[in-house]
Ligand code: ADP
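Starting off, we have a lone chain in the form predicted on its own, written out as structure tokens.
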Amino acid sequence: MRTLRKLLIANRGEIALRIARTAARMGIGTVAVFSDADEDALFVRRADEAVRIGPASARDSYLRIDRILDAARRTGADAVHPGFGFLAENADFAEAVEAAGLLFIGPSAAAIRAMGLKREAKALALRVGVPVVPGFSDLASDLEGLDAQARTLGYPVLLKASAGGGGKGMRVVHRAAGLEEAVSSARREAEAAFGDGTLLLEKYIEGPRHVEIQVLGDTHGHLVHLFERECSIQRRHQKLIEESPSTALDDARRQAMGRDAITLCAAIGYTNAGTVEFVLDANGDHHFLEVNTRLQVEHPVTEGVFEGLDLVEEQIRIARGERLRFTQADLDARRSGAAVECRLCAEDPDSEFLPQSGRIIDFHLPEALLAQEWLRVESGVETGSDVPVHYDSMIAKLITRGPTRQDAIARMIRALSSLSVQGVLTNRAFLLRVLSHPDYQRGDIDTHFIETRMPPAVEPAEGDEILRRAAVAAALAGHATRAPHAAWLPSLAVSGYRNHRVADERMEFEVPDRGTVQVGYVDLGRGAFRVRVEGGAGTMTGTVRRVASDAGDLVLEWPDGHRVPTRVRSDGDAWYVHALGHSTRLRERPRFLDRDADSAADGCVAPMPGKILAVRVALGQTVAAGDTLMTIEAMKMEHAVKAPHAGVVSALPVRAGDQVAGGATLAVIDAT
């Protein structure tokens, strides 16, 4: 048994907070490491101690083994927990931690080398008789050879980074014409994310389901599996919604997959936590994909179906030399109910899930919901937090559990509907659309669900009504803020400081892609307002009552008598309204417009801060709408910047290697 008094957490965000909570409960002190971009982050403030380890770039901070070990030495840490991502599956890091006399909370370096690299893990699976997806682990060095390998497998094929997961360095290639660019792009992304550009080439299975098995092994030779997690709801090959149990498995398939996971891990004496990932084909047969030699993002799903289980605690106990506290038979009898996890990401689902950055103006769930034992929130942000451009876009996870899958889903819908997250675009509303989809409700899903069964968001018929009500809520929240400062005015002039009580106070708002909304209102006294709203496809008039108001938390009674709790927050000229599961962002228009500032160049701008990787056009070149102009790297992903319309490139102020700010002009296209 090794003593562990202080734990350094070599990670950031919600996973750093989650590990710290378990450590605190076990009486273990915690040390956070942080980059310049994270100096004010929640996980830094919540740790017992914290050490700055470098600039914002992960390559200069969270991927610097020497700086992390120096932080451990200076703070007297006994152990290091790598979390997930960054160095979590880096065998050199595990080795360096052990060489420094510290406990590594994870598998051995040898196990990471054997299984952490997809190429080696696949070879091992073949040796021990676990079914694998056909493919090549040694890619040809020339395009002709690559194409020959792809044709041997049969297009479509899948390129994958050998050194890591999370969708980084992964590309589906449907035909030979796209192979060269896909290889180049996948290698760049893998190198940036994992420091290793090695790729695998596999046959791409059409309509697959992604199901994984959680395993735990101690240092005394005991190895168990904790059943499956279904992870088929994905975008950009990255998981969005996970659940357990999987609707794809019967008991026979579940047991077979569990046995194969144990066989694979036992072959190398695997210890600590790991996840064996499989893909199910159209026949329901399973094929080994890879082993994640670390804690998974979705580990709370497994904890949700085993009452009282804490996988981080088990990791720490195993690293200290303790025996597993349960057998496979115990786990078989103990599993119950269902759990669902949703990843809340700062991204724009309507723009190909483009990552977002900025400040969180509001992050709020009602206390009554947070008190429910069936809801768990793992968040790396709070109101006022900054979402930096340098790291993954996930900002929180919500996990619900229930006696049945339908109970867990219904509770998740309730939680997401009640969540107000404002200031940056997120996938909250998109997650609700997925959860409410009839096919998802039936469990009829695959990894292409989002591309094939989620049509572009269509504004519902009641969308205009929601917009008009949001504008009224913003106007009345503004009135409540201004009214106390008008005490020196005559009592008849409270509403907007007007001389005549019967005169409308007016506010006008802009809504992205929806035009403008004008709100006229008169304070009738005792919380009643006569309102007239013009915008969207119609007009709303009537008396709205402000039943309660507390710093932007309103209860409004609408003309039909419906009382609705409404949360309103403002930031400069931006207003954010959340009510009945809908979030609306409005921009208050000034009374006197600056028309010069309102005009814009006919250009193409950076969607976020990032680095220009490649410029694919030249001055004077004619382009068509949708042509790729350049590639920008942001939040560890590559994004194609495309021409908004046909025309001629008349200005090109950037070149490869430039760092650009969000909103910076990248090119100007003169329409033809």
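For clarity, a rigid core is taken as the largest C-alpha set superposing within 1.5 Å between two forms. All residue numbers are counted from 1 along the displayed sequence. Predicted model only: the values in this text are computed from it and were never measured.
There is another form of the same protein, the form predicted in complex with adenosine-5'-diphosphate (ADP); it is not shown, and what comes next is about it.
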- Task: Go through 381-389, 327-335, 410-418, 201-209 and give me the stretch that gets within 4.5 Å of adenosine-5'-diphosphate (ADP) in the model of the complex, heavy atoms only.
- Result: 201-209
- If you check in the model of the complex, do 167, 170 and 277 all have a non-hydrogen atom within 4.5 Å of adenosine-5'-diphosphate (ADP)? yes
- Just to confirm, residue 566 within 4.5 Å of adenosine-5'-diphosphate (ADP) in the model of the complex by heavy atoms? no
- Contact of residue 188 with adenosine-5'-diphosphate (ADP) in the model of the complex (heavy atom, 4.5 Å): no
- Message: Contact with adenosine-5'-diphosphate (ADP) in the model of the complex for residue 582, defined as at least one heavy atom pair within 4.5 Å: yes or no?
- Response: no
- Evaluate residue 289 for contact with adenosine-5'-diphosphate (ADP) in the model of the complex, applying a 4.5 angstroms cut-off between non-hydrogen atoms, and reply yes or no. yes
- Task: Consider the chain as shown here, without its partner, and state which of 81, 225, 469, 118 has a heavy atom within 4.5 Å of adenosine-5'-diphosphate (ADP) in the model of the complex.
- Result: 118
- Option touching adenosine-5'-diphosphate (ADP), based on a heavy atom within 4.5 Å in the model of the complex, out of 357, 234, 108, 90: 234
- Message: Only counting heavy atoms and a 4.5 Å limit, does any residue of 413-451 reach adenosine-5'-diphosphate (ADP) in the model of the complex, and if so which ones?
- Response: 447
- Query: Does residue 156 count as moved between the shown form and the other one, where moved means a C-alpha shift of 2 angstroms or more after fitting the rigid core?
  - Reply: yes
- 2 Å or more on the CA of residue 193 between the shown form and the other one, with the rigid core superposed, yes or no? yes
- Task: Would you tell me if residue 548 moves between the shown form and the other one by 2 Å or more at its C-alpha, with the rigid core held superposed?
- Result: no
